[in-house]
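Consider the single chain below, provided in structure tokens and representing the form predicted on its own.
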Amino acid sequence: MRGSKKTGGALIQNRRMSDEVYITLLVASVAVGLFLIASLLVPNFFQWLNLLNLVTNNWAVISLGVGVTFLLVSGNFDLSVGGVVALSGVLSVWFAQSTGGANALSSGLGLPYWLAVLSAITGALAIGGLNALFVVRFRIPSIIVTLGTMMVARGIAQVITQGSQRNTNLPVEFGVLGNLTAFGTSVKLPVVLMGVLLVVAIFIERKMVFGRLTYWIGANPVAATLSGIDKARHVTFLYLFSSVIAGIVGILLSSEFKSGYSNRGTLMEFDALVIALLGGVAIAGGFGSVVGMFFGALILAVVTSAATGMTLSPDWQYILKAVAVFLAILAQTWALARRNR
């Protein structure tokens, strides 16, 4: 009897993984199909350089999507990442600015750049820790908590920048990280780091116990707790992981533009959520993958880029994003229901 239970559990596990692969292939097919359709509608759209630009121009959102995907799979939200992007970027500028500037916005703490970066990441970790505290300790719904911490992080950034931006009195090395190119090409370092992050995330998701625990917690949190899994510690690590990614993204963006801007990262949290949903991540948890999220990002990039090429207004682009999300969720639900008949 015990052996049959194990066998049944293994069959369920294999079937679940098969469903994930099935949805990922479906999402990839949709991305390719949309790219081909856009190539017919938009002049000069079908170019390898354009396909590369679709990825490189969205490196920040794709990077944020990794942390958001892990949390969604675990059954939690993280809508604070956009605020963390703004906060960490502003902090890195403020910490690195020399003291005694001409005005308040040109005066900082005068820290060495490496220390300014570490301090900014610490600020990002503080937001992640706050998320974990309220979600894990006080059991407040994560969507409410992370909306609150998003506003807290962006509010702090606005206070430091006085609602504007800081872009003067910076050390020479400040703009290096965000504009450094790799291997003698035009590909910038942030894009390479995004690729490395994707590879590491896929390895964690598929090959490490940490990734499997994330799925189990999202699929059945009660059973996971009864099995001895420390759900609180695991979710805490996930929030810290997501905040570190957002912090690094904010630092790299501030380095690229050589400024700390309090409105940077606005709506990035929703774009990260959208690409995860487009990629087949279940909003209820327990299902999805980083690979699917990546193809979801391609879908969103193709739709946005094609809309721009067809000279549609930004208002219509928001509508297209909304329609794409609804259609993706309906298609995935229908495909899985049909497959599991």
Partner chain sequence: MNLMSQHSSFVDPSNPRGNKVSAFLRTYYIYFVLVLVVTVLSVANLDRFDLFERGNFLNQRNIIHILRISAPLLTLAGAFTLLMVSGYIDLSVGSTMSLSAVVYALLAINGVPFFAAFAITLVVGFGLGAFNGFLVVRLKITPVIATLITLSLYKGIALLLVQDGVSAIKSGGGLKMPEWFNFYGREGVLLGLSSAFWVAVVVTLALVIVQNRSLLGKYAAATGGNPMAAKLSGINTKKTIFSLYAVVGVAAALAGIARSSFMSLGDPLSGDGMELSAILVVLLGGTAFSGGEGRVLRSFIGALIIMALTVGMLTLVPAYYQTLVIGTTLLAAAASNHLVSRKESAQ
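Residue numbers count along the first chain shown, from 1. The structure displayed is predicted, hence computed values, not measured ones.
One more form of this protein exists, namely the form predicted in complex with the partner chain; it is left out here, but the text below deals with it.
Asker: If contact means a heavy atom within 4.5 Å, which one of 191-199, 106-114, 161-169, 243-251 is the stretch that engages the partner chain in the model of the complex?
Answerer: Result of the contact check: 161-169.
Asker: State the residue from 273, 307, 291, 61 whose non-hydrogen atoms include one within 4.5 Å of the partner chain in the model of the complex.
Answerer: Checked against the cut-off, the match is 273.
Asker: Which of 152, 118, 126, 232 has a heavy atom within 4.5 Å of the partner chain in the model of the complex?
Answerer: Selected option: 152.
Asker: Looking at the partner chain in the model of the complex, do all three of 45, 51 and 175 come within 4.5 Å of it through at least one heavy atom?
Answerer: Not one of the three qualifies.
Asker: Applying a 4.5 Å heavy atom distance criterion, does residue 25 contact the partner chain in the model of the complex?
Answerer: Contact with the partner chain, no.
Asker: Using 4.5 Å between non-hydrogen atoms, is residue 31 touching the partner chain in the model of the complex?
Answerer: Flag for residue 31 set to no.
Asker: With heavy atoms only and a cut-off of 4.5 Å, decide whether residue 299 touches the partner chain in the model of the complex.
Answerer: No, residue 299 stays farther than 4.5 Å from the partner chain in the model of the complex.
Asker: State yes or no: in the model of the complex, is some non-hydrogen atom of residue 277 no more than 4.5 angstroms from a non-hydrogen atom of the partner chain?
Answerer: Yes, residue 277 is a contact residue.
Asker: For the stretch 303-321, which residues lie within 4.5 Å of the partner chain in the model of the complex by non-hydrogen atom distance?
Answerer: Read in sequence order, the residues that approach the partner chain (within 4.5 Å, in the model of the complex) are 313, 315, 316, 318, 319, 321.
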